[in-house]
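Taking the form predicted alone, here's one chain by itself in structure tokens.
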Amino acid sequence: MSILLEEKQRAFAELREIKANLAARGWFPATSGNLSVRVGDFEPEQFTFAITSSGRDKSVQTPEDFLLVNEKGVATEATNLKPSAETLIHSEIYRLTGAGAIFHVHTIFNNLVSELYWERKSIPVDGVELIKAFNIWDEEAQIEIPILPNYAEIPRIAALVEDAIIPRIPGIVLRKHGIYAWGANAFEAKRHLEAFEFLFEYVYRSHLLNK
């Protein structure tokens, strides 16, 4: 697919702003995490997205922070940069949801609750106001946020994404790893990510209070 220069520049600018915002919160420890924004037209079997480069310090801004890849996670331009190791997970989420942006961060609370509820294979949240951030408006809504195993081989994780996705829950957690949150655009994906992180902290602290 042909990508206009201004579409690429817009995607990189969005990622740069989001990266700075989330890095300031300490959500990218030790170069972890990755961000992507879809660029141009979309078909489930053919699309392009901008993604963070592998191994970069996300607390600083450099010209080598992002690159464009196709639906297979292959760079679409000549470059020595490598996309994030977890690019295939982004590809699967885009293919299955048509999302416009996907943000993945590692935090203490998303790691703790993923282990706490691992046997259940989902994180329960009951009646918390910020569930409305996902456009779920039921009174005393109850949701389950899916957890997947954190295999060393990324294709094994990617193969599980389709069965794990719950249409009204824009996120998946990897056990003792982190959250993938997505939305129709960068603004919505950031809102969803912030809501998930609030809910994870709530669930964990509530668990401690009720022990």
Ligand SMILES: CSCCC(=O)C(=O)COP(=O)(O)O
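Since this is a predicted model, take the numbers as computed values, not measurements. Start at 1 with the first residue shown and count on from there.
Below: the form predicted in complex with the ligand, not depicted.
The site on the displayed chain is open: the ligand, placed by C-alpha superposition from its pose in the predicted bound form, has no atom within 2.4 Å of a backbone or C-beta atom. Between 141-149, 157-165, 48-56, 61-69, the stretch whose residues reach within 4.5 angstroms of the ligand in the predicted bound form through a non-hydrogen atom is 48-56.
Checked against the ligand in the predicted bound form, the residues Leu130, Ala85, Leu116, Leu96 give one hit for a heavy atom within 4.5 Å, which is Ala85. Within 4.5 Å of the ligand in the predicted bound form, a heavy atom is found for all three of Ala30, Asn34 and His106.
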